[in-house]
Structures are given as structure tokens and as C-alpha cells.
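Below you'll find only one chain, the form predicted on its own, shown as C-alpha cells.
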Amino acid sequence: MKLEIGNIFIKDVQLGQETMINEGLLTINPELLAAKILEDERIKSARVELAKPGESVRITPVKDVMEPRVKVFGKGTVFPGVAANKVEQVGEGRTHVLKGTAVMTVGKIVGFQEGIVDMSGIGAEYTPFSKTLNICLVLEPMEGVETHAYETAAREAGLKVTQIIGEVGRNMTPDEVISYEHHPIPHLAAAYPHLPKIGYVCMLQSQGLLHDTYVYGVDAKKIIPTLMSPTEFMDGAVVSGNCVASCDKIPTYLHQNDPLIEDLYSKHGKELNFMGVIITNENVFMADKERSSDGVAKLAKMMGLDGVIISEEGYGNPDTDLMMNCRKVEAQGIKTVLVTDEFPGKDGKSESLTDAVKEADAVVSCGQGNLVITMPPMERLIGTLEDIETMIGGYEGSLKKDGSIEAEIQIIISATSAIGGNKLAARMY
């Protein structure tokens, strides 16, 4: 499988009468986008607002973040199996990307684990989405719409709008083209016999109500461990649909731009032989955890791997899935490196993870979510502050009279992203 990513670098975005790109300036028609959203009878109102790096803007509660892309040639469409798109395998051909932009769904809260993006100040230092040109879709559901129906409507609205915006890049000449290839396992194994064969186990959030991730439109609760080409992620085969803790939420944008996949590709054929991605779910019941972790270890062995990187999304219950994957893969003689974040409490004296095994002796930390900071007031708000004190990371008294917010960094979107989408780490002394 070969996928060409054509990056079109966007320098600025503005509202206007026509959706177009001219010399790096993306212009979008907000009325057209709002009208598309309001075709869904579950949505009462929709408006489009822009937020740019360095501005005094606070966006909350953020539900998902997506990157505009368009399938130029090759099978399928971006985001296959969701938002009325045909289910067809992706990951080949060419896809154009409006690099530097992001679409955010914002508005009335679905679950308490939605979060904040600040475009300036200390809060901006903790989220990767303070660096993107953000097209915010502020949504309000119809009265009486059930929570899950509203979540679905908001998710689909974001995906549809992201595709509309991405479409303007279809006939453009990209500023750069990067090629990614993934060959059959026997070919890969023979290509670099002197290099260690490395795989990536990507644990997808699937713990229960409003903790969903979609693979080709299927809720990850229903999958068994599956081998995927890394290029399928780049075409939107994996879509976020969860309200997991804001700080370690993996929005759709980070599935499209998985830092671990990009790093593994950058070292492929040089320091290691990147063999592919095993996706698996995070389960509630022990029998399901056993089934999925058995499947992960089996696939890793069948692929002939020498080592795997295992990432997770969320914390607490998924820590057990992480450790079971680690223990069973190591039992096959395959080395593991775990990527996770930590929650040791505000005083730092509690256990960082809720589970551990002796085999977990190589762990990369993406920071700890209980750190308390004070984010200054912003001149402009996109969304609402009414739920700040009940959102995860917030508490009674978090929202100050001057508009500043004292909270744990749990409240910030992707602050401790456990696939490395942030800039935090831990240092041992």
C-alpha cells in the first residue's frame, strides 16, 4: 500500500462568501457550513467562529478536533464508514491536507470529560491545538434530544464540515508531497534483515457509555485485535467519538497525524523495520480484556516482531489492558515499550498508574494530569463556561470572578496525550 500525502500549507483563515484557497489564505463561507449542519434535525443552532494562535481566545467545551483532508485518487473517501461515507478500504493513492488548520466541534456539553483549548497564555502551552488555525463549529442541540443522539449529531457535523473544507484542496498543487508505503509482511521482513522488526499496538478507547472510537464506522467495542496499515490512519479510518478525560483524549486529528506512526516511519529502513499497527480495544470486563490481550500477543508473534510500542487512551481501567498487553507480548519473547500518562494526585504521592506488572520496565511518560495551573481570563469565549466546575480537572471554585480558571491540566484537550501529541514528559531522579 502506497499513500501520497500532499500538504497544502495554510497561512491564515477568514470568513467570506466563497470557500477557497488563494496563496495560503483559506476562506470559508460560514452560512454554507451552518446550513449543512442544520440539515440534521437534532441540531437547533450552529455557527462558525475562528480562533488563531496567539489570540486571547478560550474554546470550551471542545468535543473533537479534525484535520481537513480530501481523497484525490485511490479507493474510498476520507473518514470511510462514517458521516454517510461508503465503507471502503483506504490508505492508498493520494490525499491532500490543508496543513495548519483544524475543525473543532464545540458547544453544550455532552459529557463532563470534554475540555478547554486556550489560544494564548499558560493553557496554550499544554495543548497542540493552540498552534492550529481553528474553525470552530458551535452547536446547540434541540430540546429533549437524548445525550447519545446529540453526541452522534455533533460528531457527524464535524466530520461533514471537515470534508467540505478539505474538498477545496482537491485540484490544488501541494506545497510538498510525502510518500508512505506499507508492504506485505513477508516482503517487509525480508527487506531489512539486519534491523529489528518493530510494531505499534494502538489501544483504542472503548470502555462504555460515551467512550467510543470508530474503525471504518464500527464501534471499537465490537472489534478484535486487527492488523492495519499505518496509512489507513492517515485517511481517517479511525475516528474519535469519546468523552474520555480531556488531557489524554486522542481526537480524530491525532489519529490522522499519529506521532508514533510518523516517528516510526521516519526511522524505517534506518534504525528499525516498521512492520505495521495492531489496533485493539480497551475493555470493561475481565473476560474481554483477556480475549483482546491474547489476540494482541498472538498477532505480534505471527508478525515475527522483535519489539512493540504500546500506547493507551484514558487512564484507570485501561491501565489494566495496557499491562495485560505488555505481559502477554513479553511472554512471547518480544520486548515492549509502553507510552502512557500519569495521575499521582495533586501532591504527587499516589500511584501514577492503577496497575503494573514486572514486565513493564520500559515506560515513556507523557506527563501527569493532576498538575494544577491558573489560566488567565481571555478576551473572547467560543462556547460556554457554565460547566467548567463540573468538567474533569475542574472543581468548585475553579472559575474565578475575573474569568480566570484554576484547574488540573486534565481539563485541557490532549495535554498529556498518550501517543505523544503533546510536549510533556517525566524525568527520573
Partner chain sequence: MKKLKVVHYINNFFAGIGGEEKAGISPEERDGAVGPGMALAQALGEEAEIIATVVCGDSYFGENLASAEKDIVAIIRKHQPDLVFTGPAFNAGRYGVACGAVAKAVEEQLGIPAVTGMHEENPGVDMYRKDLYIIKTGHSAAGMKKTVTSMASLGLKRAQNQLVGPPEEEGYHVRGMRINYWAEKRASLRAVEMILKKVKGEAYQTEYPMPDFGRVEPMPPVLDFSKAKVAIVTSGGIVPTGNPDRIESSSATKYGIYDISGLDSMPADDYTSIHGGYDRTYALEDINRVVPLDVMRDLEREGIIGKLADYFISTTGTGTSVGSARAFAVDFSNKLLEDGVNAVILTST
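Quantities reported herein were computed from a predicted structural model and do not represent experimental measurements. Numbering follows the first chain given and starts at 1.
Quick note: we don't show the form predicted in complex with the partner chain, though the next part is all about it.
Listed stretches are 303-311, 69-77, 92-100, 228-236; the contact stretch with the partner chain in the predicted bound form is 303-311, by a heavy atom cutoff of 4.5 Å. Not one of I37, K44 and L133 comes within 4.5 Å of the partner chain in the predicted bound form, counting any heavy atom. Though the partner chain is absent from this view, in the predicted bound form it lies within 4.5 Å of a heavy atom of just one residue from I198, V168, A153, A83, which is I198.
Contact check for D347: a heavy atom falls within 4.5 Å of the partner chain in the predicted bound form. Residue contact with the partner chain in the predicted bound form: E140 places no heavy atom within 4.5 Å of it. Contact between I5 and the partner chain in the predicted bound form is not found at the 4.5 Å heavy atom cutoff.
Contact annotation for R327: none of its heavy atoms lies within 4.5 Å of the partner chain in the predicted bound form.
For the partner-free chain shown, I198, L209, L210, H211 of 198-236 come within 4.5 angstroms of the partner chain in the predicted bound form, judged by any non-hydrogen atom.
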